[in-house]
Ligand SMILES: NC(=O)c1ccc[n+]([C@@H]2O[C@H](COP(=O)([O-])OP(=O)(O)OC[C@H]3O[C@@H](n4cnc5c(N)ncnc54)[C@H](OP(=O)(O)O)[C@@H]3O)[C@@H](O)[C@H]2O)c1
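Taking the form predicted alone, here's one chain by itself in structure tokens.
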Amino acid sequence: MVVVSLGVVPARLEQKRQKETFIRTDHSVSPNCSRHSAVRVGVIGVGTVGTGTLKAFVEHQREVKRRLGCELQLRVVCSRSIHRRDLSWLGRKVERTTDWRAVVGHPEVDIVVELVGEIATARAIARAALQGGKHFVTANKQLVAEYGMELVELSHKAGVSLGIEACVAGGAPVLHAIREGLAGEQFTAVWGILNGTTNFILTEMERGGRTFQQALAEAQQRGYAEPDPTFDVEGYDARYKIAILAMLCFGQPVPVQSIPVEGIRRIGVVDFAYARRLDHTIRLIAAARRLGQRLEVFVRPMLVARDSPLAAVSGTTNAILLEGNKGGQTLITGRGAGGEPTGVAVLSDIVQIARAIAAGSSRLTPFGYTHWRAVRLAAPRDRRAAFYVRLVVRDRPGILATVSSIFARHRINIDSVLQEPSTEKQRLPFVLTLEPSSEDLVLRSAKEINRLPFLTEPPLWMPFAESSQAGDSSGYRQ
């Protein structure tokens, strides 16, 4: 007969039991790893992100092994210019190839990592890897935004994992936080500063009084902006990222081309002067939020209140402000530009998948949903916003009366009229702020105002964006 006592355990026996328990726990991963003494990785693409990933792989090798309980092994690296690169620091055991098919078809590669950038090649690699039963990791935001559902379906059929953490916000683990840490939340909105290049330009304009072109040149000199910066400054990069965030937050695939996008080229130093008078700043905001049964998704420059968490985000930093109906706001920030922070995100996906392989557990679900709903996108008539309107005119009597009459016809109230001192009467800037109105009515009035003969350039229209912390739970200023 065995008697189990639930009473007090002698101190020496308790210490011995705790020590044995610790030892068993410390080695509990080893039996799982006995079948996988090493998880083997193939990397395709050795550009900025690829190099950052490889450096993190090599430099963090010892720490990764401690976390996994088994070795993470770099088996093969692919680049079209592989033989012109000095990759001696990777070691002799790492194979080199110029053919990505040699990586995907390699019998000793468990995880394929795609970092090539070009969309057609990236999609071909993804399809071949997943159909071949390989776990797959990518940092290609366009691939995931446009073909995310296809990748999920292929990974499900093959029973393999899909890693996408590096597609949004570089080194800030926002996708993991949404999928895992906030899995019990029901999101109402996600607001993001998702492009480090544009945020650097805007903060340089604000702090240093630089023009857009001067700030852009500085960003290019520092390596933050490409020689052709269109993808960043016109908002296309942020559009892919907010499409991915909408999928994770709301379980609704959003067609990328249906997301309205505006860039920052027309923002001037004068706009920051007016923004200061209004106790605001200007940021390129990518957002998705619920409007009843519909979803509003957009990328556009907006005026952000100084007391909003997003107003303090400067330089190349990325920030994502998540709003839930129970937990309130969660702000996640991190370095958004550069190969090293993105490389860490890629390596984190590799480690997570390797841990699942070693433990013999099921595949990773990158978007956190098993069932999806078709998206119904909000129309302009569904949205209300307060607006900032900057006009540059040839000075003459009756300008304000003419503009005011147009707004009055469309039932839009003017909140304030601001004018910075200026001696240039042929290019005189002034600003009107509008009370919250239907965006449909604002667009109609804009068409009329844009045709006025005294304008020297098209007006600049920007909505006010306020977080619920600034007093508006709907996301716009009231």
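Small disclaimer: the values here were computed from a predicted structure and weren't measured. All residue numbers refer to positions in the sequence shown, first residue = 1.
From this point on, the text means the form predicted in complex with the named molecule, which you will not see here.
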Taking heavy atoms and a 4.5 Å cut-off, does residue 48 contact the named molecule in the predicted bound form? yes
So in the predicted bound form, is the named molecule close enough to residue 81 to count as touching (4.5 Å, heavy atoms)? yes
4.5 angstroms heavy atom contact with the named molecule in the predicted bound form for residue 166: yes
Contact between residue 139 and the named molecule in the predicted bound form at 4.5 Å, heavy atoms? yes
Assert contact_stretch over 444-452, 49-57, 409-417, 424-432 against the named molecule in the predicted bound form, heavy atom within 4.5 Å, equals 49-57
Residue among 148, 132, 251, 117 with a heavy atom within 4.5 Å of the named molecule in the predicted bound form: 117
Counting non-hydrogen atoms within 4.5 angstroms of the named molecule in the predicted bound form, say which of 367, 224, 100, 387 makes the cut. 100
